[in-house]
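One chain comes next, on its own, written as structure tokens: the form predicted alone.
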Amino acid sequence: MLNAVYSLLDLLGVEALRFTFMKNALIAVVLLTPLLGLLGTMAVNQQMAFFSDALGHSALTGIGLGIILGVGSDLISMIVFGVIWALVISAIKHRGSASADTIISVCSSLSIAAGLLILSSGGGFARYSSLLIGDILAVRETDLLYLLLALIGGVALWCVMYNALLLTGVSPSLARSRGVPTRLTEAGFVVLVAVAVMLSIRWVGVMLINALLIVPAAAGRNLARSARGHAAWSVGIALVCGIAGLMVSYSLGTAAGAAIVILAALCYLLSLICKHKRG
């Protein structure tokens, strides 16, 4: 099946796609950005814009704890710790007296500090420094299967939880009065975001994962007239900026994640202008 996709990409006649690593990177972008675009809409609606940032930082701690515990796979370590950390943040947010942004900021600072402390022991952090900026060109054929499964599973769960998440984001008290289990709904959402972030972190980077999740959704919100329109705009902007950013980074010889985020930020600025003109 992958060979068939390669053949279709060859028909496009794009010079950059002569290389297998660029084909893999393009397929990864097409699989990854729609999922992040969808999840970003709910993160924006629920005022959890910094949540993915805290999860991205926790990837370093997950790897460090995996090394200490003897876990052979960095990805498994990141996903397990990311899910646990997401649930911890959600629980503290509900029980604490501080605002959500304050709690998430504290957890984010703690997780990155703990990760750096563990991984820098004995001067060994250099081998993990690539996680800070990511490298989409390092995607392998086996990674594409995980991304495909994540996209299918993520979209399916998003569709199932959509109404409950939307109502919870608008008014938690109204959602509870309608019989929506708000705590369980939010827990399911943060777990879904945690898995998506941890799967993406190696290619997007700790420093940019939050921007890639939030900026397209923020731009889409300025342009949309409905909740469904918000999701469509967010996915469209994330996908277009992902593909364009990959090609721009290839031409300029720069980091793909940075190029994607800059294009998404430009879309956000344009969306603000459109919103202002629309009145």
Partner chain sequence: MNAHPPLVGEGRLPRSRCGLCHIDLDHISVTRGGQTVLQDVDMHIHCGQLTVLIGQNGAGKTTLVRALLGELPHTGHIRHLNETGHPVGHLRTGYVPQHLDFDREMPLTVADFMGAAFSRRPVWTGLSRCTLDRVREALAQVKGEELASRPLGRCSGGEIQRVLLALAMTPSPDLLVLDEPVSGVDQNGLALFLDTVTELKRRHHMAILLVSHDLQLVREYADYVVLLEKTVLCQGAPDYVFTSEAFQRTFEGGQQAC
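The model shown is predicted, which means the values in this text are computed figures rather than measured ones. Numbering follows the first chain given and starts at 1.
Missing here is the form predicted in complex with its partner chain; even so, the following discussion is about that form.
Visitor: Among the candidate residues V170, L145, L184, V88, which is the single one with a non-hydrogen atom no more than 4.5 Å from its partner chain in the model of the complex?
Guide: Of V170, L145, L184, V88, the residue with a heavy atom within 4.5 Å of its partner chain in the model of the complex is V170.
Visitor: Could you work out which of I152, A126, A138, L174 is the residue within 4.5 angstroms of its partner chain in the model of the complex, going by heavy atoms?
Guide: Only one option qualifies, and that one is L174.
Visitor: Which is the contacting stretch out of 226-234, 62-70, 207-215, 22-30, given heavy atoms within 4.5 Å of its partner chain in the model of the complex?
Guide: Of the options given, it is 226-234.
Visitor: Hey, in the model of the complex, is L35 touching its partner chain, heavy atoms inside 4.5 Å?
Guide: Judged by the heavy-atom cut-off of 4.5 Å, L35 is well away from its partner chain in the model of the complex.
Visitor: Taking 4.5 angstroms as the cut-off for heavy atoms, does L117 touch its partner chain in the model of the complex?
Guide: Close contact is absent here: in the model of the complex, L117 is far from its partner chain, nothing within 4.5 Å, heavy atoms only.
Visitor: Determine whether any heavy atom of S109 comes within 4.5 Å of a heavy atom of its partner chain in the model of the complex, and answer yes or no.
Guide: Answer no; every heavy atom of S109 is more than 4.5 Å from its partner chain in the model of the complex.
Visitor: Can you tell me if C159 lies within 4.5 angstroms of its partner chain in the model of the complex, counting non-hydrogen atoms only?
Guide: Judged by the heavy-atom cut-off of 4.5 Å, C159 is in contact with its partner chain in the model of the complex.
Visitor: Residue by residue through 38-73, tell me which have a non-hydrogen atom within 4.5 angstroms of its partner chain in the model of the complex.
Guide: Heavy-atom contacts within 4.5 Å come from L38, V44, N45, Q47.
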